[in-house]
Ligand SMILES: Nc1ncnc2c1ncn2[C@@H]1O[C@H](COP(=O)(O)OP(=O)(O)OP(=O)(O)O)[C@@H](O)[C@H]1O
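A single chain comes next, written as structure tokens; it is the form predicted on its own.
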């Protein structure tokens, strides 16, 4: 279980609370829609859940987050990532290697997974997303949509317990939206926890739980 307990956050003491005393439980197999207009804190919430806030981006954060009864504030980011992984809204912030294959291999290599198993994961994930033709491409040469697919593929090769997907369908054709939608359902069926953040309603059809970000803001609470 992933538990958020009394989470409050603002970027500095002069700003209103983006998240005000928010508690939430996510169970295995849950798909959670995180909805709200731009600026309501969707990305911020995902960054808090995976510990990017406050470990990389500072701010005034209170409350606790635990996964399987372990407080994630006690873990380093490399310790959190294999359990809770983030797909960023802007893929250029998440691509670090010259080729697609190197990008997909990096995370499982860090986990000391045998090379033959890494290659098997890469082949399977590329097939799932129908991007086998990108395997040996340079990441810098890819389109926005292709980069989005590759960053998602890199998370799938890691196979975390919790997926935090920020605007996962942005910039993609209907074909790839369908493929990713099917994969999200498959991951949930395999008892993964999926958070889907979007400013549109396209994610509501998948979700069994919803977080409305406007309701978490200070101005909407007594």
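All values derive from a computational prediction rather than experimental measurement. Numbering follows the first chain given and starts at 1.
There is also a form predicted together with the ligand; it is not shown, and the following applies to it.
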Using a 4.5 Å heavy atom cut-off, state whether residue 41 contacts the ligand in the predicted bound form. yes
Contact test in the predicted bound form: residue 189 vs the ligand, heavy atoms, 4.5 Å: no
Residue 99 versus the ligand, in the predicted bound form: is there a non-hydrogen atom within 4.5 Å? no
Are any of the heavy atoms in residue 11 no more than 4.5 Å from a heavy atom of the ligand in the predicted bound form? yes
Decide yes or no: are 50, 74 and 161 jointly within 4.5 Å of the ligand in the predicted bound form, with each residue judged by its heavy atoms? no
Which one, 66-74, 41-49, 151-159, 175-183, holds residues whose non-hydrogen atoms are within 4.5 Å of the ligand in the predicted bound form? 41-49
Consider the chain as shown here, without its partner, and state which of 89, 85, 94, 146 has a heavy atom within 4.5 Å of the ligand in the predicted bound form. 89
Contact check, 14-38 vs the ligand in the predicted bound form, heavy atom within 4.5 Å, ordered by sequence, gives 18, 37, 38
